[in-house]
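Just the one chain here, laid out as structure tokens, in the form predicted alone.
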Amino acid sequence: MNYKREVIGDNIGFSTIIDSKFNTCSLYVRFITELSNETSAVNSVACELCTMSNSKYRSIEELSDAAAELYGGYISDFSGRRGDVQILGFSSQWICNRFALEGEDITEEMLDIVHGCILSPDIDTKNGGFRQNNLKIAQNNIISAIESRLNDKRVYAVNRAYEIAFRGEPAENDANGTIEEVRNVTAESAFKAYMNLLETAQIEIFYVAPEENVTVAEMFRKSFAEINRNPREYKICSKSPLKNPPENVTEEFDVNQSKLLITLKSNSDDYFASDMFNIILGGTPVSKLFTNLREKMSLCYYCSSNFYAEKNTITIESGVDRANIEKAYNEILHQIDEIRNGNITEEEIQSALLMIDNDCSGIGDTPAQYFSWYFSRFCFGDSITPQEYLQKISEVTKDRIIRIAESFRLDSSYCMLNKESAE
């Protein structure tokens, strides 16, 4: 595997990841912009609209048929939250030329479609915006995604925990905005938002393929050179200030199972020790939370932790009966203290390393995994390989894990209570 990144424009990066074992080519284009209630919804709708048609293929049917005819090629949109920014963009995949049955230049044809969607969108010249007939479809797609998160109470609880933990910071906002904000987007406002992204967003492009193709980078270099760019700098990672005293929020819902989420924050820069602490605490089937709260004490249905490195936070998530919430809460804090007090076994450390080794070994199985890894590394400001990451993790000592555990302090908690269990 060969990875390299070059700058092809004003705050525009182009990365190539070449691995000869693949039989497909993949392209990922990501816009990095502010995360706010004012822009999240309209940005998401705009990117959705760009994958529905372009100036050459003027309808959803024409565009999807053109891509599908290229041995099942496709283009899709993306909208997500990462730290304090909104990440939007496009993903596309197609079969590489050497597998074309009649020697077609699949890459050129697919790049023509993708390029048109990104840099030559389908515009209604009468209203100066996207076509009205596609707008309602895009809005409904995004509203369905928002509703699915609201209806999945486990996902809803995690989002509420983030809202509470990051209140007053960009990270508290949803990447798609609210349903009302999505409904208020017009064809004109969506087009204006997309033009603003092309002008101001930081742009990262990743090309994952079995062999080099310099024409891909050159195509984007020339196209973006024609845009009057005025890019802004966006800080993806930032430490979240600790609440003092911790904030506790409780809500009641008609659910079968209560949810308890606890957020910890740290000012430490020891990222690798933080990752080890999180995995030992709640990242494996032999972690302290799973072994003690679920297996030994039967206090919860599930209990795990997640290290949100962009905000230097750890969120502990559990599903519990209402009667066991206080016991589970206290035991979670007790297990954190156990690590702070040095009660860490060699088995726990080795299990954490084995999990990381397994995860790192799987990176590269698919183009998407390669992209995910190196885009994440870009967000963290480095380009270390999975092997280098594993080496740094293996150098984390027990003392470093103890020190990092001491640095993580209780910030907030969110409890979703089960109404049916109320007395």
Partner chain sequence: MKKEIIKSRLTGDNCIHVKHSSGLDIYIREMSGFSNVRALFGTKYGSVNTMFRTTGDTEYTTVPEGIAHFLEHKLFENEECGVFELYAKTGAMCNAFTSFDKTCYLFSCSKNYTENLKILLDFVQNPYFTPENVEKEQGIIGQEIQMTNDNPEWRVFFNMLNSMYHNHPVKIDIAGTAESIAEIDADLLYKCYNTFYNLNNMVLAIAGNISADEVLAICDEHLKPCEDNGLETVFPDEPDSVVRHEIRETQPIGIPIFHLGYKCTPVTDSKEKVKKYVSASITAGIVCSESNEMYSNLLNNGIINSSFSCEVFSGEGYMAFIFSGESSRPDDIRTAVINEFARILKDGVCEKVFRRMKKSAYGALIRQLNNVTAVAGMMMNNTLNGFGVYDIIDTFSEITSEDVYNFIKSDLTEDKLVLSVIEKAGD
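Numbering follows the first chain given and starts at 1. Just so it is clear, the model here is predicted, and its values are computed rather than measured. In this text, rigid core is short for the largest set of C-alphas that superpose within 1.5 Å between two forms.
Form predicted in complex with its partner chain: not shown, discussed below.
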Q) Of the options 271, 329, 71, 78, which one has a non-hydrogen atom that comes within 4.5 Å of its partner chain in the predicted complex? A) 71
Q. What is the one choice in 395, 382, 38, 61 with a heavy atom within 4.5 Å of its partner chain in the predicted complex?
A. 61
(Q) At 4.5 Å by heavy atoms, is each residue in 16, 194 and 401 next to its partner chain in the predicted complex? (A) no
Q.
Does any part of residue 169 reach within 4.5 Å of its partner chain in the predicted complex? Heavy atoms only, please.
A. no
Q.
Test of understanding: in the predicted complex, would residue 376 fall inside 4.5 Å of its partner chain by heavy atoms?
A. no
Q. Any of the heavy atoms of residue 115 lying within 4.5 Å of its partner chain in the predicted complex?
A. no
Q: Would you please decide whether residue 259 lies within 4.5 angstroms of its partner chain in the predicted complex, comparing each non-hydrogen atom pair?
A: yes
Q.
Partner absent here, but in the predicted complex, which of 87 to 95, 271 to 279, 329 to 337, 230 to 238 has residues with a heavy atom within 4.5 Å of its partner chain?
A. 87 to 95
Q. So which bits of 293 to 331 sit within 4.5 Å of its partner chain in the predicted complex, heavy atoms only?
A. 294, 295, 298, 299, 300, 301, 302, 319, 320, 321
Q.
Would residue 300 count as moving between this form and the one not shown, using a Cα shift of 2 angstroms or more after superposing the core as the test?
A. yes
